[in-house]
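As structure tokens, one chain now follows by itself in the form predicted on its own.
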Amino acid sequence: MIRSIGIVGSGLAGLSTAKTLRQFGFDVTIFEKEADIGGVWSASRRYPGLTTQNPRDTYAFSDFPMPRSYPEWPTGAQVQAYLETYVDHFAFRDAIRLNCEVVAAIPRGEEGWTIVTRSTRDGNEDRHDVDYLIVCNGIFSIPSIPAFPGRDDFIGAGGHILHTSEFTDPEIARGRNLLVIGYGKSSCDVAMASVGLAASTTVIARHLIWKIPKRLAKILNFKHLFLNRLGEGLFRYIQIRGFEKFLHGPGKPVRDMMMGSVQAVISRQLQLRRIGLEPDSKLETIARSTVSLVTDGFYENIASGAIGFQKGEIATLRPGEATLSTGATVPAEVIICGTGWHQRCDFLDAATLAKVTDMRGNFRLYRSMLPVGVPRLAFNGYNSSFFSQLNAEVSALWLADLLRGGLTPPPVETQNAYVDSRLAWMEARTDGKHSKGTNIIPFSVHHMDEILAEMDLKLPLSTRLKHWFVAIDAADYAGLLPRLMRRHGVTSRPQHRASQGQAA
């Protein structure tokens, strides 16, 4: 019988999984290596200027809205404070072990797992036996920094090379020449945070990508175009149904016109052609890997020259400068890398990893959660999406249903066929940029629909129809948990009610 659950990580997925499973009567323990909760929102990883990409109402948990005092796009510190209040509101702080890094997870077959942890304060190790292990360390937990030729000489002469998640103190850039590698949101945020602080700021990018303004034509919130079912429907899913058959069939000219119109608005609004930053690709290529919002003031500072921009990549480093693949040389004393992440679970043993991943390191997870043929192990949060918190919540419901015996996964052959088809589809549509099989952007709602359908726990038809025309409000999913609890005969337990104003 499964009673005790060990959870690795206290980001959105770890917290929502712990809260949900505890409500279903499980004994839950979260192991978190940092000194605070939050994952990407932890104080140890917040770079200057960090905000959500989602507007407030689309990024909250379904049963716990963000404070109304928060801005439309909350800051990283506000999100972390919100998560702290979430833990207190649902009274599970006693389940969280901070400064507690998981260094090994030893499988014991149908008996569960032995988790070996090390204190990040004093180095002491401890062992914990659990009936079930859920990995929620996220796909943004291990920074990836290129091994630049000349790196040692550059650092030896006083240079600094950091990942964006390590750029927590902007003073390191004061009066120095700063290079920012990458063109995603974190890179642009860091570049903006350095304006007026660094002696010079230059962004280096291999490829130009389309970035989405928070408000198109400076009026329409982007959520009304992209954060609903119609927005997802504009991109072709692995299986198309209903109105999507029209959009990608007889109605494709209408769909193409809509995409072209939005692309033209973005190009004019950001003056991309004038500053030489209009991508050669079409807007629909944003579905290949990730969607990046425009950082406030970024393009204005490009146009004024306050931020430099170079296409290419670093070929070699020397003390005080970098030579690019184009042959250009730029001054450099601090290099900040927005160069992505490694998707790894180093605490799992080799035999388990061989079942969890394929030869290319892709995670083989049924429904992005269940490794085929590995007993008493699951993942949550390995599905990068527009609605990370909602995907984590819905996945937690699926796991609760599974662990309570209400859900039976299909045969192993069916699970493998599902994984094979998804990985092949991801590889083709993203040109291999699918974060080792963990990226479901932009199909967040499709993914949740499939999970809920497997549980026979669909949203009401009226709500699904509404989501075709308006941005999805997280609160629309709040009724799912009570429905599942009633199905399993679970009585809601009293909780400590902390004021949400404390998160402001």
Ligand SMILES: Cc1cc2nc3c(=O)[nH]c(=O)nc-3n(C[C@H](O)[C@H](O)[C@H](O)COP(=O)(O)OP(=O)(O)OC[C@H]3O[C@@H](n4cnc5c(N)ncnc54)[C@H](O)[C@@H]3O)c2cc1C
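Please read these numbers as outputs of a predicted model, since none were measured by experiment. One rule holds for the numbers: they count along the sequence shown, beginning at 1.
Keep in mind that the form predicted together with the named molecule is missing from the display, and what follows is about it.
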- Message: Against the named molecule in the predicted complex, would V102 count as a contact residue? Criterion: heavy atoms within 4.5 Å.
- Response: yes
- Item | L12, heavy atom within 4.5 angstroms of the named molecule in the predicted complex | yes
- Does the named molecule come within 4.5 Å of any heavy atom of N137 in the predicted complex? yes
- Using 4.5 Å between non-hydrogen atoms, is S141 touching the named molecule in the predicted complex? yes
- Query: Any idea which of 86-94, 341-349, 168-176, 254-262 reaches within 4.5 Å of the named molecule in the predicted complex, heavy atoms considered?
  - Reply: 341-349
- Query: Though the named molecule is not shown, can you say which of Y70, F64, W41, Y477 has a heavy atom within 4.5 Å of it in the predicted complex?
  - Reply: W41
- Let me know the one among K436, K33, H446, H467 whose heavy atoms come within 4.5 Å of the named molecule in the predicted complex, would you? K33
- Message: For the stretch 366-395, I need every residue with any heavy atom inside 4.5 Å of the named molecule in the predicted complex, listed N to C.
- Response: G381, S385, F386, F387, S388
